[in-house]
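Single chain ahead, written as structure tokens, the form predicted on its own.
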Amino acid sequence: MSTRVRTRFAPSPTGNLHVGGARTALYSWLYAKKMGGDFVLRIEDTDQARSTKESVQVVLNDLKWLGYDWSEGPEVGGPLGPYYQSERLSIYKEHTERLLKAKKAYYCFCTDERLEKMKEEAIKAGRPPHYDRTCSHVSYEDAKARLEKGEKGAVRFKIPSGKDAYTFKDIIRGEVTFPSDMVGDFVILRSDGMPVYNFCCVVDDALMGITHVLRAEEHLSNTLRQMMIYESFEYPLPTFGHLSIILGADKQKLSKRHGATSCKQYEEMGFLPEAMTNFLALLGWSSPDGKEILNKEDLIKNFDLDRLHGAAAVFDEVKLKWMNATYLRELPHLDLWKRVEPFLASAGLPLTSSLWKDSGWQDKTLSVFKTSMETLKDAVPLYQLLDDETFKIQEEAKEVFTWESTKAVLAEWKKQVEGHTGDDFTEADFNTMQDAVKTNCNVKGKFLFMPLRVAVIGKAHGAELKQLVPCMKKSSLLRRAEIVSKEI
């Protein structure tokens, strides 16, 4: 076996990358990086009905968003390709022929109807539904002759005799033993010529020199068949690690009923790839010093297979939001604005105006708003407060217009804004203006704050005006004061 660590991620491109798959990719990527090895990306696209170029690109885009660069695979190539299984059919065919000629596999011409009947009878009798080897005595030559006449036949792997059990050491679960009679002779090549997962997986991992295979717990049951195939070709067995299951908050297996489950969905919701990576890393692994906020450099430095554990992990979206907010608030404002901008643009906010393009204004507004943001998308309702075109008085805020003192408060506020020198405000300017309204109108508490808030943002509750007003222009405040005055 190669002394150089080589890990792989081999997704089936039938949709967006699930967070469970992303965690598998992350652990494989981290270990390769930690050990100075290679992280290989292989696309398992033999399901022609569901695998499309578009779905492949979706998976590649998700991995790029997360930042898990691959040493070999699609778009980068490599010496051990092709890296799409659909382009490796001749390799699988050659390996199938080797097994057939060595009598370690045979053609099966049984119909689907017969196989289904056999399965039903076995289950009814309380026996494992193993194939009864009806076709195992058909010679290689006879099978080829039947195929040439147009018969359809699948290829079955012949379970070796004389071996009671197969044992391997899982880096997470310890020693695992399977009785050899757990499976019967299984199909490795379908009658349509397409190879099955367990066969492709072994051939590819062996030829690509994969040393460590990290994968989901659900693949544990595949290991027995794969061990048999490795043994039949005398290929070395890689080190396996079957990762813990991921549960939703209700302690059930994470699925679409829990809401978002794909990386693309979280990207569209405004989560940062740095936060997603940090969060995923802790779903089955822990840092030796107990830290929870770990950037990629920290993760690579601290990652160790010995710290992977098999206990089920809970996908806690509350924790993910906390972690995302932590990363978001640490970003330099120039970087944060670039990430926020697409969400603001999709909401139709006036990004092309001179004010919104001003880097100083961007810096000022982010200082105010980022403490109220858990995701990038949270910026949208906050920045909408600054958009004159979408300013309107909320229905529930109109109660303030019934108060006796409101008319005077709003008139005095407008007077203070008009009397302000210049088009910009500081927090001190706002405090001076608010104090003047308070004194001149002899109001305080909600009779002061709520009408002013309605005059500025159209709502009686919400943002701190002493922070918000310095983000606005005099002309904007006057325009809003005029709209509000018409309500009285």
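Just count from 1 along the sequence shown to find any residue number. Predicted, not measured: the structure shown is a model, and the values here were computed from it.
Form predicted together with glutamic acid (GLU): not shown, discussed below.
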| property | result |
| --- | --- |
| Partner-proximal stretch of 129 to 137, 180 to 188, 156 to 164, 196 to 204 relative to glutamic acid (GLU) in the predicted bound form, 4.5 angstroms, heavy atom | 196 to 204 |
| Contact test in the predicted bound form: residue 215 vs glutamic acid (GLU), heavy atoms, 4.5 Å | yes |
| Contact flag, residue 472 vs glutamic acid (GLU) in the predicted bound form, heavy atom cut 4.5 Å | no |
| Glutamic acid (GLU) contact at residue 219 in the predicted bound form, heavy atom, 4.5 Å | yes |
| Interface membership of residue 12, glutamic acid (GLU) in the predicted bound form, 4.5 Å heavy atom rule | yes |
